Ligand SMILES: Cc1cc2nc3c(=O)[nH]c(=O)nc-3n(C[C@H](O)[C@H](O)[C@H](O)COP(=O)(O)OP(=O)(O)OC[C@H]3O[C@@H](n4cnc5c(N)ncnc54)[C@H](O)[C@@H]3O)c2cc1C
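The data below hold one chain only, encoded as structure tokens and taken in the form predicted on its own.
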Amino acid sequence: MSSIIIQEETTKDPISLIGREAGVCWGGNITDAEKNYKRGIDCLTSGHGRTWEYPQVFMILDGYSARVIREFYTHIAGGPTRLQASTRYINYQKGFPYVTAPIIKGNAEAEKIYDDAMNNILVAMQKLESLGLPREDIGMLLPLGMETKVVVRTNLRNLIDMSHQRMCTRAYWEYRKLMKDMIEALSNYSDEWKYLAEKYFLPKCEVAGFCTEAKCCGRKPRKVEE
């Protein structure tokens, strides 16, 4: 069962923090909480993206496939960083949990084929270990569908940009679920994060007002080319 845990190191008041940091450079009164919040909202609505990099998010992504985490890493740049569960030191020889796509779970025959393939990998790993081969080399057999755990530090700007691409209907189904879980976890963390998630974590068509994809899902009309 996949889940996201927001760690206590995460900024509790991201909008107010934006306002305080911007206020320093604007010569504003940063001792007034109401003014800080309003200044933070102004930075958001004005699209001053550099200020969005101040709110930090520390979270644990647990139970998602190695495949979707590979896609998650395409959004790691500059400030954000991460650590992932080791395939070198963790003992996977007794079994590894894995993710099954809903379309496979809905087909008994397909699910059996899928589960049998995963079990065959496990058996092969166990046999290789019995031959004295090191686990770090046996781990090359581990599939992208295996579950993994990641500790991530990122920021508001990175997550907003990620949401535009990964909340699109055409995004990979597990990544859309990851974004849904992330929004729920952040919304439960604080009221300011709930506001940000509702207003700024959006698919790109909602931001642009039209679909930018070559194959449109129909949620928004395609832009009419001049």
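Worth saying up front: this structure is predicted, and the values here are computed from it rather than measured. So that there is no doubt, residue numbering starts at 1 and follows the sequence shown.
Although it is not shown, the form predicted in complex with this ligand is what the next lines describe.
Colleague: Among the candidate stretches 31-39, 162-170, 187-195, 54-62, which one is within 4.5 Å of this ligand in the model of the complex when only heavy atoms are counted?
Modeller: Going through the listed ranges, the match is 162-170.
Colleague: So in the model of the complex, is this ligand close enough to His75 to count as touching (4.5 Å, heavy atoms)?
Modeller: It does: once this ligand is placed as it appears in the model of the complex, His75 has a heavy atom within 4.5 Å of it.
Colleague: Residue-level contact is defined here as any heavy atom of the residue lying within 4.5 Å of this ligand in the model of the complex; does Glu206 satisfy this criterion?
Modeller: Outside the cut-off, so no.
Colleague: Does at least one non-hydrogen atom of Asp13 fall within 4.5 angstroms of this ligand in the model of the complex?
Modeller: Outside the cut-off, so no.
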